[in-house]
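Only one chain is shown below, in structure tokens, and it's the form predicted on its own.
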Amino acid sequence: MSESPPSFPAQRCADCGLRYGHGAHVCRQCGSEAFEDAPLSGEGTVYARTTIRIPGSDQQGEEPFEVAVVDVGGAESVRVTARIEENPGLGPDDPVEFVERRNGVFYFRAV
């Protein structure tokens, strides 16, 4: 029996309920500045993926690495940009699971 992935640390606007995967300061739907934690299932699917071969200065030495746009959380999903661990062959609609957030970056891996 496999363990469930950790929950994904999403937020929700306290006034209108719009969910966010990355931290927001002002709700793009209602303009509220009030947010609350609203964790989601750590299961997701790849929307798009690419390989970074020439990274920014803060990621020098880590190349090449995989970056993907991931829909995470099921029915109330949010779309986030994330690093993919250990599987450069992933593509659209492939299932992934949340691993952790490290230095502000979300990490997922193939299921």
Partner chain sequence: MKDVCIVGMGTTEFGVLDEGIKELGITAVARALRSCDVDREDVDALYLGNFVAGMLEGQETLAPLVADSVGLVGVPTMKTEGACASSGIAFRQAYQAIRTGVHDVVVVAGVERMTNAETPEFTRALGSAADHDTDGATGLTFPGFYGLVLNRYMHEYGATREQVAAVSVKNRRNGVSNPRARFRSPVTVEDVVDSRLVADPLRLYDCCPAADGGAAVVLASADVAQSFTNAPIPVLGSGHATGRSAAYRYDDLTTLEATSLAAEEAYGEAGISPSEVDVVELHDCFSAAEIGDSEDLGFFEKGEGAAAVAEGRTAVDGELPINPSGGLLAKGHPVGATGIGQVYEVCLQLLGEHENQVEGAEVGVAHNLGGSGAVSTVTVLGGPSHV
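Residue numbers count along the first chain shown, from 1. Note that the coordinates shown come from a computational prediction; the quantities given were computed from them, not determined experimentally.
What follows is about the form predicted together with the partner chain, which we do not show.
Annotated contacts: 28, 67 and 81 all touch the partner chain in the model of the complex [non-hydrogen atom within 4.5 angstroms]. Proximity of residue 111 to the partner chain in the model of the complex: non-hydrogen atoms within 4.5 Å are absent; the residue sits far from the partner.
In the model of the complex, the partner chain lies within 4.5 Å of some heavy atom of residue 51.
The partner chain is not shown here, and in the model of the complex it never comes within 4.5 Å of any heavy atom of residue 61. Although the partner is absent here, residue 92 sits close enough that one of its heavy atoms falls within 4.5 Å of the partner chain in the model of the complex.
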